[in-house]
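This document opens with one chain alone, in structure tokens, the form predicted alone.
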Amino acid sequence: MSESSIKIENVVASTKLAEEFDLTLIESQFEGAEYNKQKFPGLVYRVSDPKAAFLVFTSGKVVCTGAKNVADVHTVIGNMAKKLNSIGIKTIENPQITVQNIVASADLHTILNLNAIAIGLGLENIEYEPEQFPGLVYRIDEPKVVVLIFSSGKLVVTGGKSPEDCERGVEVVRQQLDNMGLL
């Protein structure tokens, strides 16, 4: 598995931190926060350690994006709750955090023939239009992920709810390409 181990590029997660938020108040108290109701219904707030960005909505819901692992998501959401508490906004204790999407990359370290792969994998689960996009789009049912396969041997896995989903997606691709003699 080491030859196709993944690198997590982005974790997107959501949670509810309060019953409601006054986004104008948060914008005035959080340095660098951006809120323009005409452009977007949420407040955008970026943090640097660990690096992530938040979309904060009046409903009390928060989307965290840009984290490089699931642990960092929990850390930055916890830090966000503390920061909100520090300006007098009461937050929900131990909020339920749901990972919505993980994007990961991997490298099979070999040049791939995407035309042969498209034929071998069968047309029902793939999209390959090289005039439109240089990669082959492969939708896997189990785990439910989408893998972009490039002729360079690089893969992008998206739609995973856990790092394990992404690892398994890469393994499914590796196994199928190996079975077809294309690795």
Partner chain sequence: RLRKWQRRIRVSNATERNLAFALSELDRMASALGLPRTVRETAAVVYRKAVDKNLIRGRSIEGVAAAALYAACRQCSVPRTLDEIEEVSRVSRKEIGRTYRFISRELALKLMPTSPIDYVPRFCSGLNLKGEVQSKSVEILRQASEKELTSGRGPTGVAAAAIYIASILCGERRTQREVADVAGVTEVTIRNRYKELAEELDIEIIL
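Because the structure is predicted, anything quoted here is derived from the model rather than measured. Numbering follows the first chain given and starts at 1.
A second form of this protein, the form predicted in complex with the partner chain, is not displayed here; the remarks below concern that form.
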Kindly confirm or deny that Tyr35, Leu55 and Ser59 each have some heavy atom within 4.5 angstroms of the partner chain in the predicted complex.
no
Of these, 140 to 148, 64 to 72, 45 to 53, 111 to 119, which stretch puts a heavy atom within 4.5 angstroms of the partner chain in the predicted complex?
111 to 119
Might Glu27 be said to contact the partner chain in the predicted complex, defining contact as any heavy atom within 4.5 Å?
no
Quick one: is Pro134 in contact with the partner chain in the predicted complex, heavy atoms, 4.5 Å cut-off?
yes
Wondering, does Pro41 line up within 4.5 Å of the partner chain in the predicted complex on heavy atoms?
no
Would you classify Glu124 as touching the partner chain in the predicted complex, given a 4.5 Å non-hydrogen atom cut-off?
yes
